[in-house]
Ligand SMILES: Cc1cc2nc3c(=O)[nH]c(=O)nc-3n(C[C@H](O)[C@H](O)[C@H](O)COP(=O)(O)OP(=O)(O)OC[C@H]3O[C@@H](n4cnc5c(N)ncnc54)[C@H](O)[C@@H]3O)c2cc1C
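Presented as structure tokens, the chain that follows is alone, the form predicted alone.
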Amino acid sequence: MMGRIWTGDELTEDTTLTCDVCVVGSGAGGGVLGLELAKRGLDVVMLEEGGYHTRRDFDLDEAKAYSTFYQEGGNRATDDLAISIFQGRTVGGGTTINWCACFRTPPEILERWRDVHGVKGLDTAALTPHWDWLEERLSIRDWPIEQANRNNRILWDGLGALGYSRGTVKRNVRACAALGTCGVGCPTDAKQSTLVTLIPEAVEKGLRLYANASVRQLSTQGVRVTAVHADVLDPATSRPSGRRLTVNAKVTAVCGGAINSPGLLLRSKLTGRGNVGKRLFLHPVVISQARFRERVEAYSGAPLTVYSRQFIDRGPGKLGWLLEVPPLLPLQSAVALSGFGAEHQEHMASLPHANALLSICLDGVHPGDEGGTVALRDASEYTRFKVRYPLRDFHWEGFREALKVSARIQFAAGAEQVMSPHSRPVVMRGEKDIALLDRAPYSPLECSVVSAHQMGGCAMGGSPQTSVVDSTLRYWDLDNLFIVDGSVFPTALGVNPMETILGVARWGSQHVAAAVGSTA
């Protein structure tokens, strides 16, 4: 049976569907799950809040891309606006607009999930065959240092000069033209996202995908989900069209990602004994800017190809971090780079000479670090949630030390100037100035913090008293509800999360299928 993709403008009246499994979300979790279930011959309906966009829509127009392909038009943030949150909202989810970095889950993280959070059966040995399959299917390959752009090469050279560990990143691409615009969608289909790989294959096997379908609530009766209720959105405005889509499924799998998945459960009055929306982790990031005499052109070439985990473990109570670089596209840079007025204008004029280093901090692995929370706003709010993430002293200590390390790396690679992400940037013109970072203010809104990796909110664990889903990804108190995305992670990872989500989803598909009665 051949499936199909529908968009909101094709649904001209209220519609009710029946199926074996309703998958809510089409990103890394939903994309893998949908294919694996369809391959078993199950009747699968997938609902995606975002629009259906293809390479013809990925025209490198940043202004359109962020407002169209990202949650809340690219403006999602914590309640206090201290942390900007970048998250996908389109068919393929984050896999459509991320920077193609692929890492297997660090073994120590899976061991922590087992030893501290009581997760059973999910270890490196269990995930390895799924990662092997995914890496072959999605063409996940090492990107050689010889092909690194100047922006990444600066990180590589600086790490080498200081004797720090360094590595090259695997990327899910095929015949990549290295345009540098992964974050606004790939116009050549080189990026092997779920949009161009797993979802089309699933559709060939019968999956029915409805884009512009915003799932508002799950109906339950006893210990079962009985219906999934969605508002159909107008693709042109993303506003409700007034039409409703209802899915009656034997099993429901929520794959909306951290923030949206706990949000849907809370709208459905499923609190997981008070655990839904807790343990939200953001991999909080601080960015160190640098200017080089030569042209860097960080907006061109494969965006993210070098990393270092030299500082991921700084000991008990100390925030560690992963080092990478971001692409510096013009609009993105205008928002992210420091300074105001003439100062900011000068930074933008010198953008071809700019480099930036990301310090991606590993949260959730130290005693007392419970991360943030997701809660509902009032009834008038359609997509925005109340996201809180308290930044405490140990966060700021980690950010300060990370900025000092980044500055050393940038100077070691030849930077003539380094600037901090403060609202009034610390400007350093040599190593002797790095100590100025100790005297800078570290508090919300005075030092910019961003997030592109959201995890947790529906944590997996060994007890319903402390987690939302069990070790088969099943919601503790309902027989036919599963959560299959990064929201089930009990902690952050310390690496880019896409491949972990893909692997956990493929591993977890066996449990979802079994709940339908499939033994294939």
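A quick note: this is a predicted structure, and the numbers were derived from the prediction, not measured. Numbering starts at 1 and runs along the sequence shown.
Not on display, but discussed next: the form predicted together with this ligand.
- Between 259 to 267, 429 to 437, 121 to 129, 339 to 347, the stretch whose residues reach within 4.5 angstroms of this ligand in the predicted bound form through a non-hydrogen atom is 259 to 267.
- Although the partner is absent here, residue 101 is a contact residue: one of its heavy atoms lies within 4.5 angstroms of this ligand in the predicted bound form.
- Residue 70 belongs to the set of residues with a heavy atom inside 4.5 Å of this ligand in the predicted bound form.
- In the predicted bound form, this ligand sits beyond 4.5 Å of every heavy atom of residue 504.
- In the predicted bound form, residue 411 stays away from this ligand, with no heavy atom inside 4.5 Å.
- Contact with this ligand in the predicted bound form, judged by any heavy atom within 4.5 Å, is made by just one of 95, 152, 406, 420: 95.
- Contact with this ligand in the predicted bound form, judged by any heavy atom within 4.5 Å, is made by just one of 42, 481, 65, 452: 452.
- Contact annotation for 206 to 229: residues with any non-hydrogen atom within 4.5 angstroms of this ligand in the predicted bound form are 213, 214, 215, listed in sequence order.
- Compared with the form shown here, the C-alpha atoms of residue 381 and residue 386 sit at least 3 Å farther apart in the predicted bound form.
- Between residue 381 and residue 62, the C-alpha separation grows by 3 Å or more in the predicted bound form, relative to the conformation displayed.
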